[in-house]
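Take a look at this one chain, the form predicted alone, written out in structure tokens.
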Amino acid sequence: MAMSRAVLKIAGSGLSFKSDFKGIISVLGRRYAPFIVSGFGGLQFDCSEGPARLSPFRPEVKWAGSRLELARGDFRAALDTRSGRGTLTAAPNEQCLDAFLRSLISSLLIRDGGLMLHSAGILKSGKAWLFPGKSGAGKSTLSKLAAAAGAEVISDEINMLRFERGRWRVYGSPFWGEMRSGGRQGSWPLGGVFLPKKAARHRVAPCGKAEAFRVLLRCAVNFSRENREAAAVMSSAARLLAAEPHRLEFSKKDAGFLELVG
């Protein structure tokens, strides 16, 4: 049986997957088509197929030095970040591989001083503007209004940040909510952070850093239970506060809030 391979680039990380079975590779190629790249650099996983168990549903993440272990009912993976080699056993479906990649990339970002953040991400004037919030905060509503007005949306659900050369950059995301877009490659300087709040009219209001810090911690994607990862998330959230967060009160009637951003 011929070896199959798929190479992704997500949030600046190269991820190469090879397998004797075409199921996983086929799903990766279809689901993450905008993030498929040529070449074989970055982290390399030897893949095999496993059963689609539903329990446990929440991924478990454990670090032991340079070794990262990730597991859920439908996948199990191990990676040596020093050698860049790893293994993955997973069910060949989108839900499983999406959960695996979220847990993998969020873990790598945290160790690198970055964050995966539950947020809406919108481009304006060449910069990325983030609106963090949990379910019901208005992320998808903001994103749909912005898209209808011609603005580009990075993601309506999960955005990824790296701190590079003294500044934050937001990377193109394949992880979406209601809008279900495939996303695209790219990275943009962070313009600012706004805490969304549904209101009768559009308005920007001051936001205390203590409140913004709590929101960022609630919205940071972190599957690890280890103190080191928790401390890293807190450090990155505190650094992100230097972007001077504000509160954005917005009406669902139109995208006039874009005039208040930037």
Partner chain sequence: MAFKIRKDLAYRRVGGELFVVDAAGARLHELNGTAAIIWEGLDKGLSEAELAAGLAGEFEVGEAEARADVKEFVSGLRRAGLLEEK
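Positions refer to the first chain, counted from 1. This is a predicted model, so every value here is computed, not measured.
Heads up, the form predicted in complex with the partner chain isn't pictured, but that's what we're talking about next.
**Q** Does R214 reach the partner chain in the predicted bound form if we count a contact as any heavy atom within 4.5 Å?
**A** Yes - in the predicted bound form, heavy atoms of R214 and the partner chain come within 4.5 Å of each other.
**Q** Though only this chain appears here, would S55 touch the partner chain in the predicted bound form if you measure heavy atom gaps against 4.5 Å?
**A** Although the partner chain is absent here, S55 would stay clear of it in the predicted bound form, with no heavy atoms inside 4.5 Å.
**Q** Is R225 one of the residues lying within 4.5 Å of the partner chain in the predicted bound form, judged by heavy atom distances?
**A** Judged by the heavy-atom cut-off of 4.5 Å, R225 is in contact with the partner chain in the predicted bound form.
**Q** Would you classify S66 as touching the partner chain in the predicted bound form, given a 4.5 Å non-hydrogen atom cut-off?
**A** Although the partner chain is absent here, S66 would stay clear of it in the predicted bound form, with no heavy atoms inside 4.5 Å.
**Q** Please identify, from 199 to 207, 28 to 36, 225 to 233, 43 to 51, the stretch that has a heavy atom within 4.5 Å of the partner chain in the predicted bound form.
**A** One stretch meets the cut-off, namely 225 to 233.
**Q** Should the three residues L123, K144 and A147 be counted as contacting the partner chain in the predicted bound form, with contact defined as a heavy atom within 4.5 Å for each?
**A** No, the whole trio is out of contact, none within 4.5 Å by any heavy atom.
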